[in-house]
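Shown here is one chain on its own, the form predicted on its own, set out as structure tokens.
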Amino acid sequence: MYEQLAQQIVNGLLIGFLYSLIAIGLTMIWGVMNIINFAHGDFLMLGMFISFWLYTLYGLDPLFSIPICAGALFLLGLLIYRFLVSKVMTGPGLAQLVVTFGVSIFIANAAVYFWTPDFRMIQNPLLSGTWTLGAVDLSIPKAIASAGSVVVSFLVFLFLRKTKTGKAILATEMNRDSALLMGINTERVNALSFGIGSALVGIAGAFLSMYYYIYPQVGGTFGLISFCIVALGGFGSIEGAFVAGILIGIVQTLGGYFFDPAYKYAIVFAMYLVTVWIRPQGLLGW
């Protein structure tokens, strides 16, 4: 009983760290621009497919495709912001919602057209197998992906707190008008934030491709969970997204263990609803 419970908690931590990385990219975009990127989950899917095709065509292991996924999604984020999102930033809120929702539909359907709806998986990655630590079995790909997610999340935190560009992003998030008065180019900050948020989810996609099925609709569930994490942790809070991602990962696995795996997402969303009912600004929101 206790061994199985420990196994589920470890599994929850492993997926929770990855959830945190996915949500950090989304909350950064929201915090700076006050816009929800509905295509966030589809960016994750693109990261997974980039990693898959690099492995299939060139034999490049997902672990080494991370810089390419990050760069490709960063560039895609910049282009989407420059030619689409920036055009509606001063428009009605509905226009801002619809533009990223339209990008999501386009990317998902383009993926189905070019790659078919088939499920794929990277066979025999460089890191595979299981570590046994006492009574707990630790999947090596999941452990590496989770550890990498923690490292990247920590680097993002350091970037925002210790660099001039990161501080400009935080200043814009706190008060855009004051940031403008201080000489910060908020338009550049918007583009950079959208690009970095997209790059982070591209990195998460490369990590996830090490052990998860890859198909055009894979971003739907992860995107929805990331929205809940951002709201649960507090919109715009990097620390909140990290904590909430871990919390949701543990609740999801324990919910499937104690009840039924079919209900694990319902339990997560129920917890989210209760939390925002009690504290609408989220766990670490302002």
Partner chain sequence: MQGKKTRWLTYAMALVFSLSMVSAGVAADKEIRIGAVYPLTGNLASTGLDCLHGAELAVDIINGKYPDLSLPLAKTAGLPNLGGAKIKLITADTKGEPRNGQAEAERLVTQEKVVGMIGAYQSAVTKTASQATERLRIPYVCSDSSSPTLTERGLKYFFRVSPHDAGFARDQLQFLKDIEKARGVKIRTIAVLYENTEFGSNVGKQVLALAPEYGFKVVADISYTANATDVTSEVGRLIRANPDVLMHASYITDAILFTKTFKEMGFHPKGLLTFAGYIEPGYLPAVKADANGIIVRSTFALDLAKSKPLVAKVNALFKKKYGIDMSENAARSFGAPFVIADAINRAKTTEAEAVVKALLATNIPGSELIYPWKGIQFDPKSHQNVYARGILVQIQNQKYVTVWPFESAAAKVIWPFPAWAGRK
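Here, rigid core means the biggest group of C-alpha atoms that superpose within 1.5 Å across both forms. Positions refer to the first chain, counted from 1. These numbers come from a predicted model, not from an experiment.
Only in words, not in the display: the form predicted together with the partner chain, which the text now covers.
| said: Given a 4.5 Å cut-off on heavy atoms, tell me which of 221-229, 60-68, 32-40, 236-244 is the interface stretch with the partner chain in the predicted complex. | reply: Selected stretch: 221-229.
| said: Can you confirm whether 17, 24 and 146, the three residues that make up this candidate site, all sit within 4.5 Å of the partner chain in the predicted complex, judged by heavy atoms? | reply: No: none of 17, 24 and 146 comes within 4.5 Å of the partner chain in the predicted complex.
| request: Determine whether any heavy atom of residue 187 comes within 4.5 Å of a heavy atom of the partner chain in the predicted complex, and answer yes or no. | output: Result no; residue 187 lies far from the partner chain in the predicted complex.
| said: Against the partner chain in the predicted complex, would residue 217 count as a contact residue? Criterion: heavy atoms within 4.5 Å. | reply: Residue-level check for residue 217: yes, a contact with the partner chain.
| task | Flag residue 121 as yes or no: does it have a non-hydrogen atom within 4.5 angstroms of any non-hydrogen atom of the partner chain in the predicted complex? | result | Contact with the partner chain, yes.
| task | Using the partner position in the predicted complex, report whether residue 53 sits within 4.5 Å of the partner chain, counting heavy atoms only. | result | Residue 53: no contact with the partner chain in the predicted complex.
| Of 131-163, which residues get within 4.5 Å of the partner chain in the predicted complex if you count heavy atoms? | If the 4.5 Å heavy-atom criterion is applied to the partner chain in the predicted complex, 131-163 yields 137, 139, 142.
| request: State yes or no: after fitting on the rigid core, is the Cα displacement of residue 261 between the shown form and the other one at least 2 Å? | output: Yes.
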